[in-house]
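The chain that follows stands alone, in the form predicted alone, written as structure tokens.
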Amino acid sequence: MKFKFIYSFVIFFIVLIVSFSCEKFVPASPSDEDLLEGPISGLSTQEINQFLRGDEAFNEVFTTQNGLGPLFVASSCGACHSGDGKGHLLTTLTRFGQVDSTGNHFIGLGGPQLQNRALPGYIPEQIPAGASSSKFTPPAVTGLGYLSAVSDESILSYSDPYDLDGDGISGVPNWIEIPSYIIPLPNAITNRDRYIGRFGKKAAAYNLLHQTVNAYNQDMGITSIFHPFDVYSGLEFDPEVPTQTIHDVVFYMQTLKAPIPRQQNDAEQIRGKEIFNQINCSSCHLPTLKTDYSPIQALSLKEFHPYTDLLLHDMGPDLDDGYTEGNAKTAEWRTPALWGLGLSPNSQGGQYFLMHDGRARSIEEAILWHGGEASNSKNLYQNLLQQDKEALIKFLKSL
């Protein structure tokens, strides 16, 4: 008995030592501020359950067994938005076929999106002769519910199409036609039966349902009750994804939390924020917006900090791809939100792929690609002292 007791004590002591030792080698869980994933706070139990269903559906992998293709770009939503973050060059999409506001003239030839992959026995699409095209790198999908709840009135209040204040910046909304399945917001503002788009590189999607339905159809070749037409044959098919699943994915994106700023008390970052305002970056990348009423209570009447005005701006000839969507001009791009910028490499293979097509491999390079309405801010940046440039970049990485 005495031997068994000593033996048991020794085993217990060894296990205890090993347990404490292992703790030193187990990496700590990342904090919320270092992740883009996760729901907004204040959701009910029912809403959390729908969020989790949407999360599962967002990462569902499609195959020939559940409707993939026959032409497609990716096999899941998560394939292009790893960890809900930005995509990279391997997941960048190609859009083609529209050069002005008269619409896409290559819809019958595969437009508006190139399906560059195909199931065995099928041939991937090629861009038709004469079609303009542009590369679109998938954006991060966090915080989108806040952007969807900003009122049209607020967006229009930031617009200055005739540059009446003389600052060289004249942001405008993209007035788009919406599909019949979209129910406009109760306070929606129209312009000749067109509505204000707010999602996508050119703000050509009205809301997250519009964006999600297009992604299922154009990215994965999946038909739904909202868009039952196959991208390969053009024929009408039975829905390959349940309607409830579409709604769950929309809800998931609506209720993903906003990126959390990091190290906000750092003196250099505070200086960087001051410089951001001094060189007028904040004219387009508005630091603060406010939501209107939302049926999701956790999103209603909330102030948030995305660093975008949701408007189109002329970015100059170097960013003119000769392709457009909706009513936007070919050199116009919607101001991208800057929140979460510092976490972009987490989903981009450890490096940056910025701007609409991933051409910029650093934040500084992205700044230097700015032209058109942003030329003055770019020039002011170039004239900064090196230490001020570094402070600005550090601030941007903290968002």
Ligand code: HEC
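When you see a residue number, it is the position in the sequence shown, counting from 1. Here the structure is a predicted model, which means the values were calculated and not measured.
If you look for the form predicted together with this ligand, you will not find it shown, but the lines that follow are about it.
Chemist: Taking heavy atoms only, is H285 within 4.5 angstroms of this ligand in the predicted complex?
Modeler: Result yes; H285 sits at the interface with this ligand in the predicted complex.
Chemist: Can you work out whether I169 and this ligand are in contact in the predicted complex, taking contact to mean some heavy atom pair no more than 4.5 Å apart?
Modeler: Residue-level check for I169: yes, a contact with this ligand.
Chemist: Heavy atoms within 4.5 Å of this ligand in the predicted complex: does F51 have any?
Modeler: F51: no, not in contact with this ligand in the predicted complex.
Chemist: T212 versus this ligand, in the predicted complex: is there a non-hydrogen atom within 4.5 Å?
Modeler: Within the cut-off, so yes.
Chemist: Using a 4.5 Å heavy atom cut-off, which of 275 to 283, 183 to 191, 294 to 302, 156 to 164 contacts this ligand in the predicted complex?
Modeler: It is 275 to 283 that comes within 4.5 Å of the partner.
Chemist: Please tell me which of P306, P138, G197, G97 lies within 4.5 Å of this ligand in the predicted complex, judged by heavy atoms.
Modeler: Only one option qualifies, and that one is P138.
Chemist: Sort through A131, L71, I176, L93 and report the residue having a heavy atom within 4.5 Å of this ligand in the predicted complex.
Modeler: Contact with this ligand in the predicted complex is made by L93 alone.
Chemist: Of 31 to 56, which residues get within 4.5 Å of this ligand in the predicted complex if you count heavy atoms?
Modeler: Nothing in the stretch sits within 4.5 Å of the partner.
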